[in-house]
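What follows is one chain in structure tokens, specifically the form predicted alone.
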């Protein structure tokens, strides 16, 4: 398969940046989008040109580092997949594909398709953990947890912190990310000890980082590679109101 590409190139966060046109040929339909970029970069290096910078690590849809906007969608066409899981067969031969970084003030562009997502790390550091000492490893069944709560907590814990929800939201809101991390602990007995402090600190840090407010657009849920439900945002709001009132 042959493709025409429009890739965002930017030397650093202070550079203006622009789209640059490329062509890549003889790409296997089974290749991932990142593998296609690898092929393009090999060609650029052989020409003595600077390769395109993009984030990647596990390439198995687990680490969340590969995020970028492809043809106007976070992680590209398809649902429930990260960029590294996107296969070139979903495009048509000779298609023109546009790739650009996450676009939000809270994620400044470092270079080309790489953005600084440490704002999410600072939100986690503000309260996304359990600090109470539990001693040795307890018996697995010593604290009964309702099956529904355990499953919903695990669904929330599936969030990989890629930032697709922020990039997809017209307000650049991080509510789905924060809601998933709050739900992960709020549903379990171990997380209830610090539930008030946790939600207040994480929401406060989210606001400090410059993320926008949720307006129930649902784009975050549609583009989340782990299909995190917006119902977690409702839980986040309840947790926050409860903490504020008590």
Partner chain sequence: MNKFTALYRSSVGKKIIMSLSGLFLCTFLIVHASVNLFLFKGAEAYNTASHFMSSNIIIRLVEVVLFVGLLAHMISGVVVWIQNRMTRPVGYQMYRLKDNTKLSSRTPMLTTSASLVAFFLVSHLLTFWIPTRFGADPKLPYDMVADAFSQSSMAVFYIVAVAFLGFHLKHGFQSGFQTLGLSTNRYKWLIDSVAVIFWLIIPLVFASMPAYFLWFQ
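Note that the structure is predicted; figures quoted are calculated from it, not measured. Numbering follows the first chain given and starts at 1.
Unshown form predicted together with its partner chain; subsequent notes refer to it.
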{"item": "Among the candidates 156, 167, 119, 84, the residue which, in the model of the complex, approaches its partner chain to within 4.5 Å (heavy atoms)", "value": "167"}
{"item": "Triplet 98, 218 and 230 all within 4.5 Å of its partner chain in the model of the complex via a heavy atom", "value": "yes"}
{"item": "Stretch in contact, per heavy atom within 4.5 angstroms of its partner chain in the model of the complex, of 63-71, 29-37, 46-54, 186-194", "value": "63-71"}
{"item": "Close approach of residue 103 to its partner chain in the model of the complex, 4.5 Å, heavy atom", "value": "yes"}
{"item": "Partner proximity in the model of the complex: residue 11 to its partner chain, non-hydrogen atom cutoff 4.5 Å", "value": "no"}
{"item": "is_contact(residue 123, its partner chain) in the model of the complex, heavy atom dist at most 4.5 Å", "value": "no"}
{"item": "Distance check, residue 92 to its partner chain in the model of the complex, heavy atom within 4.5 Å", "value": "no"}
{"item": "Heavy atom within 4.5 Å of its partner chain in the model of the complex - qualifying residues of 196-229", "value": "203, 206, 207, 210, 211, 212, 213, 214, 215, 216, 217, 218, 219, 222, 223"}
